[in-house]
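What follows is a single chain, given as C-alpha cells, in the form predicted on its own.
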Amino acid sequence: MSDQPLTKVVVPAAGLGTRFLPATKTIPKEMLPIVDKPTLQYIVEEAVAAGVKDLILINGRGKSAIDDHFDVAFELETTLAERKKTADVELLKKISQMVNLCSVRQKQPLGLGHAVLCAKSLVGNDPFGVMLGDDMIDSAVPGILQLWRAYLKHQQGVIALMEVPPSQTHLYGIAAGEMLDDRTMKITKIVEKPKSNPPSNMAVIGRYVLPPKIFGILEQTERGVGGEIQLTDALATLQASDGLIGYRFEGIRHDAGDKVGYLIANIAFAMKRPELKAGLLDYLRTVVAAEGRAK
C-alpha cells in the first residue's frame, strides 16, 4: 500500500468566473493565462508530476475551450510543421499527450460538493485527488503528491491547510484539531466560511485526497452556505465517522481566482523564466521608484 500510486484526480472547472468579467464572458476563467500558459495547465502539470494518469474534468456549458486545449490540434500542428516551427509543434503535442482527460458536464451550479459528486461513476472505488483550478501551488514536491503520501500514511482523507490572517477566515473552510507533527493535523472540527468565532485560522486550500466513501456522504448532504452542496459539510461528516487529516503543505500558494492573486502569480512565474526576469525586474524597479517619488 505504501507505494500505491495516485491514479485519478478530479478537477472542478464549471464555475462562471464572475470575478473576472468581462474577460470570462467568452473565455473560461481556467484558460486565463499565467504568463503564456492557461492557469489550468499548471494544475494539470502538477497532477502529472505526481504520477496521475487519469484526470476527470468537471466542466460547464460554454467551456469547450478547456477540452480543446488538451486535445490534438491537427490543423495548427500541420501549419506549424510546414513553417518548420518544430519546437512549437512539440510543445503542442506534449500538451495533448500529458494526461488522459475525461470531461463531465455539471448541469446545475450546485456547488463544489456537487461538482465532485459528478465524478462518482468515473472514480469508482479507489481513493482520488481533488484539485481546484484557482489554487496554484508552487513547490518542489507536487502539492497533491504531498497529500497522497499523508493519505497512505494515515489511511484517512487528507485536506490541504494553510494559515491565514484571522481577518480572512470568513473566506475559507476552516479546520481545527490536534497537531500530530509540525505539518499534520488530526482534525476535530471543520466549518465552511464561518461568519464569527472561527475554530482556528487554518484554512482549507484546494487540494484534497479522499476515500470513495465521500460520494455516499455527498449524496446525503443538504445544501449549505450559498444554497450549494458544500464539500466542507461532507468532510465534516467524514471526519465524524472515519476521521480526517489536515496537511500544511510545503510550497507557495497563489490564488488565481482573485485579481491581485492572479497578478502576483503572473509576476512570480515570470520571475522563474530567465528570458523574462531581467526585463520584468527593470520595470518593477521603475514602478517602485516612481511610487517612492510620488509619496
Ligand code: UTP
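Heads up: residue numbers just count along the shown sequence, starting at 1. Nothing here was measured: the structure is a model prediction, and the numbers come from that model.
Absent from the display: the form predicted in complex with this ligand. The rest refers to it.
* To do: Using the partner position in the predicted complex, report whether A13 sits within 4.5 Å of this ligand, counting heavy atoms only.
  => Yes, contact at 4.5 Å.
### Query
Does this ligand get within 4.5 angstroms of any non-hydrogen atom of K63 in the predicted complex?
Judged by the heavy-atom cut-off of 4.5 Å, K63 is in contact with this ligand in the predicted complex.
Item checked: is_contact(K277, this ligand) in the predicted complex, heavy atom dist at most 4.5 Å -> Judged by the heavy-atom cut-off of 4.5 Å, K277 is well away from this ligand in the predicted complex.
_With the partner left out here, check for me: in the predicted complex, does some heavy atom of P109 sit within 4.5 Å of this ligand?_
So P109 counts as contacting this ligand.
- Given that this ligand is left out here, which of L132, L117, V123, A150 has a heavy atom within 4.5 Å of it in the predicted complex? Only one option qualifies, and that one is L132.
- Message: Given the stretches 214 to 222, 183 to 191, 150 to 158, 133 to 141, which is the single one in contact with this ligand in the predicted complex, using a heavy atom cutoff of 4.5 Å?
- Response: Result of the contact check: 133 to 141.
- Query: Taking this ligand in the predicted complex, which residues of 29 to 51 have any heavy atom within 4.5 Å of it?
  - Reply: Contacts from 29 to 51: K29, E30.
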